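In the structure tokens that follow, a single protein chain appears in two forms: structure 1, then structure 2.
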Structure 1
Amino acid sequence: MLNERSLAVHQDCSDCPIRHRAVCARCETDELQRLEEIKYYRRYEAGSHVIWSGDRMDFVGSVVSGIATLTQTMEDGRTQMVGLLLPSDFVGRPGRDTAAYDVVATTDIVMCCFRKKPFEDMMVRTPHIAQRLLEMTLDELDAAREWMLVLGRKTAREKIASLLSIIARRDATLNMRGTEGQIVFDLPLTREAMADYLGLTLETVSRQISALRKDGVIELEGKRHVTIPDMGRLMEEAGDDADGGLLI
């Protein structure tokens, strides 16, 4: 079975769950039609590589569903997770021929891909697409700077709470909110991956998750199914203000 598959089912842009957050958020009907002509969908199974660092990129696109990691490998083979790709995040860089990072699917993911050269041409003809991509890039830069604070100055408990709040806020925008203001989602990272991403030991991650559960900050069913009863309290535990934080 292949890890990458082109999707036979075609999704209309007007019905797309990331329509108002993705790079095409400001596109008019005729512009969406032009994007339709250069787009296709791909699905990747959990654990598979979406992109290898150094590979030639013949597409750019957006994550429609699922989560992937950005990983960098050092010369001696050590790897470091340097970022997360969540639904609506953009993959690839117009004007760059090769990929800078490995992109690995942590869950099954679906991507809306655009053939790279036609997309670059459309950016020239449609300035607000380029403007939207610039805004998303600047948001990503802000998030990276905030993440430096998480890794450098926050306690282990605050780091765990920060990561949970990032995923919760983003997932809540995609209709994963529970009843009565609760937010419910499946944690896309193993505890080993969380430890790697946060610069903590596996034991510390497990201990802090257990403490957050014991204190009622989160509810946990199994290892991955998370309920957040009070988002404000989680944000306080993360050391962030109520309107938020680390990622847009």
Structure 2
Amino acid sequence: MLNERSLAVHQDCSDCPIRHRAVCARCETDELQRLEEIKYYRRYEAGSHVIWSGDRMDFVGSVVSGIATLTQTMEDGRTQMVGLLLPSDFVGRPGRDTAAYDVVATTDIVMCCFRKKPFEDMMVRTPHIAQRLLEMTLDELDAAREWMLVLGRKTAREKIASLLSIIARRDATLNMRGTEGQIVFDLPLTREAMADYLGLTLETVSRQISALRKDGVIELEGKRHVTIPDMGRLMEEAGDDADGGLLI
């Protein structure tokens, strides 16, 4: 997951969000060089599977551009999104070789990949990489736990407000804007994808978005273009205290 903290590190590595430049800033140059040598890029179309749950994973990598989702599905088709992958987010798990989740491209995406074996070898030789990955994984764990509160205890309206507030802040951070004044962004998800993230149905998502619009918490132009006139108000609606907030 992306958050303000990891993003700050990401700034100096805009072309390849694995953030290995940041990771290796303290390493010897030849380690950095070796990392450069084993990397390659992959492109996926909107709607296509990047990874199927249960499949063998022979690479790790990160999103360069576009948006992907991490989802779990039960046998009867019930689906829960467990992560939203934005540019710079890491995918894959050193030390495990089957994927636990489906990764689906929501938009066209570009991934920066490393074959798993060489990457793992590099991890052993370059301690900072393991430390950096640990830091990133702990951030993701925090985000997942924050989301457990959303899923377990919030109302539909609060869930929608939480999601909007996360996307708004993320978007503001990505584009180097603050969260002062009004915030404008495009929703990167369909109503159904939002429902899968929030543990709701798409109808409920639609209804609650309409309600928030009617109440002036958000403004909508078309289906996806959102304006948040007052971020504080939105966060109140989300049930968050105004400054703490979600890390996702």
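As the structure is a prediction and not an experimental result, all values here were calculated from the model. Reference numbering: structure 1, starting with residue 1. Only the largest set of C-alpha atoms that superpose within 1.5 Å between the two forms is called the rigid core.
A.B. asks: Two forms of the same chain here; which is the form predicted together with another copy of the chain?
C.D. replies: Between the two, the form predicted together with another copy of the chain is shown as structure 2, not structure 1.
A.B. asks: Would K117 count as moving between the two structures, using a Cα shift of 2 angstroms or more after superposing the core as the test?
C.D. replies: After core superposition, the displacement of the K117 C-alpha between the two structures stays below 2 Å, so no.
A.B. asks: Core aligned, does the CA of R42 move at least 2 Å between the two structures?
C.D. replies: No, because once the rigid core is superposed, the C-alpha of R42 moves less than 2 Å between the two structures.
A.B. asks: Rounded to the nearest whole degree, what rotation separates the positions of the smaller rigid part between the two structures?
C.D. replies: That works out to a rotation of 17 degrees.
A.B. asks: Can you give me the Cα shift for R153 between the two structures? Core-superposed, in angstrom, one decimal please.
C.D. replies: Comparing between the two structures after core fitting, R153 shifts 3.4 Å at its C-alpha.
A.B. asks: Using the rigid core as the frame, report the C-alpha movement of L234 between the two structures, one decimal, in Å.
C.D. replies: Looking at the C-alpha of L234 between the two structures, the offset is 4.7 Å.
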